[in-house]
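A single chain comes next, written as structure tokens; it is the form predicted on its own.
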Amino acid sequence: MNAATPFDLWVYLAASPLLWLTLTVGIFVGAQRLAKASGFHALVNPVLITIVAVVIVLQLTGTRYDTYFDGAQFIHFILGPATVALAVPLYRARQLVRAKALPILAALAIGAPFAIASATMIAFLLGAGREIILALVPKSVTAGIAVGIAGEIGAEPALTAVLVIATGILGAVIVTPLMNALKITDYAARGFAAGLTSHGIGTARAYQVNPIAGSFAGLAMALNGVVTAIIVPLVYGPLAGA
């Protein structure tokens, strides 16, 4: 009887959908420990590390994305409950939220349109095509909402999803050094800015830094999602049939 080779073992394991779920969770847990060991340095982002590591594994093994998603889709499923769960720390900080209601509304009124206009204007000035510009419109809202908005304005959902993830990772990496450089010490303001511009990934980073920052980031993510879902189809919807 011939001994099993590493390739034979891989073929056997790859047949189980749980492989990809286990692999993804395992890599993320390892990335979290690495981030903790670094003192949660901005550049040691667990989401970024996990994405890069999973992509490398898929490339090396020649695994198709749909095969990977069949196994890891439970993670996609729990995104909804995880987002709703952000209401718990927000409720605990309700008195502080109530006290800062006016600044919150002002930041939302300015930040939500600016997050849309700044990216699309820069892309336009750099000569980007219509597809890229439209895909950039909902880049600062959480992926589930962004993909829905993309469908309404004629953007490519897959491209939008990539840009949403890239925006979240970039925001999570630069938010702490940027806020420190600007000498913004109010964790409510820091968190709100992170959540408004960098949605869930920015919110996760905010929670690493401070619980108040995380609560306000979750609030900003939710409010920006609602506002963007309302105003974008009104402004960019006519372009869908153009």
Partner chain sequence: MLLGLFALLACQLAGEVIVRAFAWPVPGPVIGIVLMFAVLTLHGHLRKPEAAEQGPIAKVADTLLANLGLVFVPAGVGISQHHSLILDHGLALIVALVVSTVMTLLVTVGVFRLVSRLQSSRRALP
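If you're wondering where the values come from, they're calculated on a predicted model, not measured in any experiment. We call the rigid core the largest set of C-alpha positions that still match within 1.5 Å between the two forms. Positions refer to the first chain, counted from 1.
One more form of this protein, predicted in complex with its partner chain, exists but is not displayed; see below.
J.: Can you tell me whether I184 touches its partner chain? I mean in the model of the complex, with a 4.5 angstroms heavy atom cut-off.
T.: I184: yes, in contact with its partner chain in the model of the complex.
J.: Is A194 close to its partner chain in the model of the complex, meaning a heavy atom pair under 4.5 Å apart or at it?
T.: It does: once its partner chain is placed as it appears in the model of the complex, A194 has a heavy atom within 4.5 Å of it.
J.: Is L134 part of the interface with its partner chain in the model of the complex - any heavy atom within 4.5 Å?
T.: So L134 does not count as contacting its partner chain.
J.: Hey, in the model of the complex, is L43 touching its partner chain, heavy atoms inside 4.5 Å?
T.: No, L43 stays farther than 4.5 Å from its partner chain in the model of the complex.
J.: For the stretch 54-83, return the residues whose heavy atoms include at least one within 4.5 Å of its partner chain in the model of the complex, in the order they occur.
T.: Residues within 4.5 Å: V54, V55, L58, Q59, Y65, D66, Y68, F69, A72, I75, H76, F77, I78, L79, G80, P81, A82, T83.
J.: Checking A93 here: with the core superposed, does its CA move 2 Å or more between the shown form and the other one?
T.: A93: C-alpha displaced by 2 Å or more between the shown form and the other one.
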